[in-house]
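Next up: a single chain in structure tokens, the form predicted on its own.
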């Protein structure tokens, strides 16, 4: 579900199959309004989670979000780095 055949988390596949991503990328242009709307959606989801989960669970979620963001950032850097070789 979360991993590809090699056991690697495949964020790119999850992102491109996501309805929000598809909607934003439909016209091939990302606007300030779309960035703002997606940011507001994420903030609303996080605020909703604050009401549903314990402090310990929220700490785990925060850690997961940060580590996932690090993975996504370094993967993108890795991809760019390999293009420039």
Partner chain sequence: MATFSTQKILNGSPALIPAITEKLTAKFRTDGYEVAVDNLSSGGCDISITKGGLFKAVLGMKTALKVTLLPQGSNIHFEAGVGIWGQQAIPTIISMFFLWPVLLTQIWGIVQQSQLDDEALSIAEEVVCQSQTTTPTATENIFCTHCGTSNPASAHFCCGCGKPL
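Only the largest set of C-alpha atoms that superpose within 1.5 Å between the two forms is called the rigid core. Since we're looking at a predicted model, the values are computed, not measured. Numbering follows the first chain given and starts at 1.
Heads up, the form predicted in complex with the partner chain isn't pictured, but that's what we're talking about next.
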Interface membership of residue 9, the partner chain in the predicted complex, 4.5 Å heavy atom rule = yes
Looking at the partner-bound form in the predicted complex, is residue 69 within 4.5 Å of the partner chain by any heavy atom?
-> yes
Wondering, does residue 61 line up within 4.5 Å of the partner chain in the predicted complex on heavy atoms?
-> no
Tell me, yes or no, whether residue 24 is in contact with the partner chain in the predicted complex, where a contact means a heavy atom of each within 4.5 Å.
-> no
Core-aligned CA displacement of residue 18 at least 2 Å between this form and the one not shown = no
